[in-house]
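Single chain ahead, by itself, as C-alpha cells, in the form predicted alone.
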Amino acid sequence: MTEDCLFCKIISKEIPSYILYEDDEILVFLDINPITKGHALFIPKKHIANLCELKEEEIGFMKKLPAIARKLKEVTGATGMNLIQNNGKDAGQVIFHIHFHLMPRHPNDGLTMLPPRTALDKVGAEDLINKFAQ
C-alpha cells in the first residue's frame, strides 16, 4: 500500500466505494464517473504503478479478470465489453495504481473510442521490428 494512492485508500476502506467483488488479491468496484452503465475498475490489492512495472511473479491476480468481465457483462445485460488499461500519463493514466476499466457495452450506446486509422508505414514498421528484436 502507498499512503498517497487513491486506490490504496479505497482498498483499506479509508475512502468508500461501491464494491462488486473482493478477495485477498483483487478489488472490483464501480467507477465514480462511469462512461457506461456498470463501468467498473479491476485492481490488485498490491500497489503496482502500471503494467510496465508488473513482475511476472505478480501476474496471478490477472487470471481472475475474464470471470469478472463475464459476470459484469451478464448482470448488466451487455452485448460487449471494452477492457482498457492505461500506462503512464501520456497514455491517459491518472491514478498510478495498475487498474483495468471494464466497460459493458450495448448496441447504439453512443460510445466511440478509436480515432480513424492510418496506413502502416512499411519503413517505420521494419525499423520497429528490428529494434524490438535486439
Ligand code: AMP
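Source: prediction; values computed, not measured. The numbering used is simple: start at 1 and walk along the sequence shown.
In what follows, reference is made to the form predicted together with the named molecule, a form of this protein that is not presented.
Taking Met62, Met81, Ile95, Leu54 one by one, only a single residue has any non-hydrogen atom within 4.5 Å of the named molecule in the predicted complex, and it is Ile95. With the partner omitted here, the residue from Ile68, Leu27, Leu30, Ile48 that has a non-hydrogen atom within 4.5 angstroms of the named molecule in the predicted complex is Leu30. Stretch-level contact analysis of 54-62, 104-112, 31-39, 72-80 against the named molecule in the predicted complex, using heavy atoms and a 4.5 Å limit, identifies 31-39.
Remark: Leu6 counts among the residues lining the named molecule in the predicted complex, judged by a heavy atom distance of 4.5 Å or less. Using a 4.5 Å cutoff between non-hydrogen atoms, Ile10 counts as a contact of the named molecule in the predicted complex.
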